[in-house]
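Given as structure tokens, the chain that follows is alone and in the form predicted alone.
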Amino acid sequence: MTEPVRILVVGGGYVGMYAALYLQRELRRDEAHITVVDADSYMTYQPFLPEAAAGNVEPRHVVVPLRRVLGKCRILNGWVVSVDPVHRTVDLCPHGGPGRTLEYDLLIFAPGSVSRTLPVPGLAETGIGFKTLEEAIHLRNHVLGRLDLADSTTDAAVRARALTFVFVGAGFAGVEALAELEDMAHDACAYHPTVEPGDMRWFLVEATDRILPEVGPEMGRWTLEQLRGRGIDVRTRTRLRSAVGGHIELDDGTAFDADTLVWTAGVRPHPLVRASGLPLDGKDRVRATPRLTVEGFDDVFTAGDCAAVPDLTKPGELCAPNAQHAVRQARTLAGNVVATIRGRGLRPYRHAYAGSVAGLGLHQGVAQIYGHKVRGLPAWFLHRTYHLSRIPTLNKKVRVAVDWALALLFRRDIVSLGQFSRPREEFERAARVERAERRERAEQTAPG
């Protein structure tokens, strides 16, 4: 009897999770054993991160637990540190205990991407990304915490610094995160007697000459007008020069202090890609064929942010690293894995870009769908409807819809839970105080 094929999926993001979901539906247990490896036990639906940061959606509702969704797959959590495509092995470092080596017959390599940073002085020490749920929730708590500080301090410099918020990068992540958080902070001012919306300074810094290039020049200009109309200082053709100690310096000569610096200026392939032993292009992406196999390795499949996938609808170009392509690539990739196991021909990936939608805060949005331009309330509704249909599982769809319904009936929650990012701080403070008290009592009772 033929042994089941060992399928190893590296990465539990869009490509990894959707591909594994398709495979467990299509393959019998006697055909294949599927193992999924990721540092986290869940997949984050990233388009909802801005709404989670703004408190419109419960954070747990924008993540999908891999073990629940992929019930027929083996889930392993840890970091893949290297790949040997010649000997068909992967080295895994679990969160605890010794490392282990995993063998495979077919590999789906989809570790995704990480934030792309630049050698800007002070950026690594003061900046925060906006790619993970942890970053989004930390940013929410941080922004609300700055309002609490501004309402409590009598120091004008501390107050001005606390109420200054800088976002670098005007793609989807930067624009949506800024718009949602500014909207949230505007509402929160009602509960801070000494803070008016006009006291806050919001900056959006973009190195190119336009924002939201994904929705086209016209909609980008409209978005720019909307943001500036809300008092947001948008600087195009401007770069961050330094952020040492929270002192922000831009290359147009502007300088000021800020407690909040959010970096959303692009992504790059996961560092694992360079340790994969797979062929890479000039931007450290895995070279993929139109059938989503890796060049030179018919037993390795790849897609998503880490892969250079030819765009067959635009000869000579590559597919953009976005969720729209990743989800569709995952379906084609999984179908080709099944075809490989069953001895059938592989299908090339082909998808014409449908367009983009972006939320700009409550009841505001912008979209370009198949050439049609939409803005304002209709675009906001389209943005929510589209992403509600895309988030995996009925469970999450219902929970997100309920969150939105409750948000229409009740005011936004503006509680800052900063201790979530420093859960041991209160315990450590109590321990320090008690040690000091014991030392003082010992000194008082010491003879002489």
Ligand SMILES: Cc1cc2nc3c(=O)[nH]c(=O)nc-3n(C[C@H](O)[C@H](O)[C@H](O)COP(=O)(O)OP(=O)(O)OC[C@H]3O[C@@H](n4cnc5c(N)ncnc54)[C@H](O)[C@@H]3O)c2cc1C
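In this text, all values refer to a predicted model and were calculated from it rather than measured experimentally. Residue numbers run from 1 along the displayed sequence.
Not pictured, yet referred to below: the form predicted in complex with the ligand.
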item: Joint contact, Pro47, Gly112 and Ala173 to the ligand in the model of the complex, by non-hydrogen atom at 4.5 Å; value: yes
item: Candidate from Lys131, His186, His351, Arg159 lying within 4.5 Å of the ligand in the model of the complex - any heavy atom; value: Lys131
item: Proximity to the ligand in the model of the complex, single hit among Leu250, Leu123, Ala258, Ala323 (heavy atom within 4.5 Å); value: Ala323
item: Stretch in contact in the model of the complex with the ligand, which is absent here, among 38-46, 25-33, 57-65, 407-415 (heavy atoms within 4.5 Å); value: 38-46
item: Close approach of Gly78 to the ligand in the model of the complex, 4.5 Å, heavy atom; value: yes
item: Non-hydrogen atom contact Glu206 with the ligand in the model of the complex at 4.5 angstroms; value: no
item: In the model of the complex, Leu272 touching the ligand (heavy atom, 4.5 Å); value: yes
item: The ligand contact at Glu180 in the model of the complex, heavy atom, 4.5 Å; value: no
